[in-house]
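Taking the form predicted on its own, here's one chain by itself in structure tokens.
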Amino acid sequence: MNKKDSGLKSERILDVAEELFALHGFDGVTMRQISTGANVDVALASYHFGKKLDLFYAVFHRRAELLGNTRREVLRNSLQAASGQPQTLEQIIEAFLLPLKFAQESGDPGWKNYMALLAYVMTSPVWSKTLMKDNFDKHVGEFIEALKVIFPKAREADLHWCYHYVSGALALTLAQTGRIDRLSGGKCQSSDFEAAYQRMIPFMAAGFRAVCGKETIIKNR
């Protein structure tokens, strides 16, 4: 097998594993199911990635760094665009959500599976402790610091609780469970991230203001 074929098969294994883990979680998937879906031998999947746990980590890490770095870049670009003025609350929330919107619009169907997998990991006491800590938690501090600038009188605990609620709403949206489709009688689609995105920013901003108080805007002189 040449390197090109080996690389293509590795990507196929990752894609199939990503889809299956997103649908059934870690415990609901076997290496045989993954290898069958990828049309490779179980031995080959094990050769490339080792045990199922190693493959699960590989699937999660594959897109995590890109997503985390893009989110941080959007936040920093927003700060630079403010030309010395504090960012608005809506800009900070947008920086948190926008990379997810970009991913959904990328045309890569794997991102939809990854978003559902991310929601699964975010809401798991086991996986969140290991995978979120190493990949996404390290970026949260920048968002909290940005929030402190516009809410200087807010208690830090309130900022973290608000961030916690934002993460929860985001996790449910990313999971795309189809429940809102049923509850709304088809008026809403859980797969319509554009519609969710447009509503999440004002909804989340109102929550921050209700808990943390009114923003303090410091203008340059």
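For every residue, the number given is its place in the sequence shown, counted from 1. Treat the numbers as computed from the prediction; the structure is a model and nothing was measured.
Separately, the form predicted in complex with the DNA exists; it is not shown, and the next lines address it.
Asks: Answer with one of R32, R182, H164, K153: the residue that has a non-hydrogen atom within 4.5 Å of the DNA in the predicted bound form.
Replies: Here the answer is residue option R32.
Asks: Tell me, out of A58, A195, L44, L172, which residue has a non-hydrogen atom within 4.5 angstroms of the DNA in the predicted bound form.
Replies: Here the answer is residue option L44.
Asks: Look at the stretches 62-70, 155-163, 174-182, 35-43 and give the one with heavy atoms within 4.5 Å of the DNA in the predicted bound form.
Replies: Selected range: 35-43.
Asks: Considering non-hydrogen atoms and a 4.5 Å limit, does the DNA approach K187 in the predicted bound form?
Replies: Looking in the predicted bound form, residue contacts with the DNA do not include K187, since no heavy atom lies within 4.5 Å.
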